[in-house]
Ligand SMILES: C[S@@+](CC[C@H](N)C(=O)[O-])C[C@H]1O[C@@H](n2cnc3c(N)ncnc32)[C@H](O)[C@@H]1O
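A single chain, nothing else alongside it, follows as structure tokens in the form predicted alone.
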């Protein structure tokens, strides 16, 4: 058996999970309540869509067509399978692409949705780039890791910096959204069960299967340890940070 890479393990862990990051259908409903009306002609993009668990839910709640975009072909293959299994393939399409170079016509989208992905390219960079693809009055709804208190534990800051991301306070996130050309509409933090029950627990079960499959493999052991550390960090410091939904309208 070949030794898997960290990317291989990431894909194998998440390919069968309903979600590839923290969140919930209840949080999606809460965010949707802040959006203006959409219709059958509306065009929606879900950026960093993964296998599309949240995309399919959006398609069942919203009219119009949805394009999911993700950098991993394996996720998009599963995305298409999930759309077909739900009879949504006429309205939901997945494409392989980059959030930093969107393949859509300028000012063509009514809604850009993105959960747990924008911080991979930077909150301000993402909002700034994506603005040009929204129609005037179009909506953006994204989750991004944010400080929830004025206190900033060093261990948390170090973890997110090492992961290639960063945490800003919610107020800074709102100001960034406004600076990038959006009217700020609402923000709210995801509750803890979005991390624990909906993500960490199913992820651990998947990683346990990998530990059995690749018994003794040093890369797998390191990967499992990193994920366990993230889980323990959140358990200790969840009151200080979390994912926050930011909702805005292009002006």
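In this text the structure is predicted, and so the values were computed from the model without any measurement. Residue numbers count along the first chain shown, from 1.
From this point on, the text means the form predicted together with the named molecule, which you will not see here.
Residues placing heavy atoms within 4.5 Å of the named molecule in the predicted complex fall in a single listed stretch, namely 47-55, out of 30-38, 47-55, 206-214, 219-227. Scanning 109, 117, 177, 167 against the named molecule in the predicted complex with a 4.5 Å heavy atom cut-off leaves one residue, 117.
The contact residue chosen from 88, 156, 148, 121 relative to the named molecule in the predicted complex is 121, the criterion being a non-hydrogen atom within 4.5 angstroms.
Contact between residue 98 and the named molecule in the predicted complex is found at the 4.5 Å heavy atom cutoff. A residue is said to contact a partner when one of its heavy atoms sits within 4.5 Å of a partner heavy atom; residue 242 fails this definition for the named molecule in the predicted complex, lying far away. Using a 4.5 angstroms threshold between heavy atoms, residue 194 stays clear of the named molecule in the predicted complex. Residue contact with the named molecule in the predicted complex: residue 72 places a heavy atom within 4.5 Å of it.
In sequence order, 19, 20, 21 are the residues of 6-22 having a heavy atom within 4.5 Å of the named molecule in the predicted complex; the partner itself is omitted from this view.
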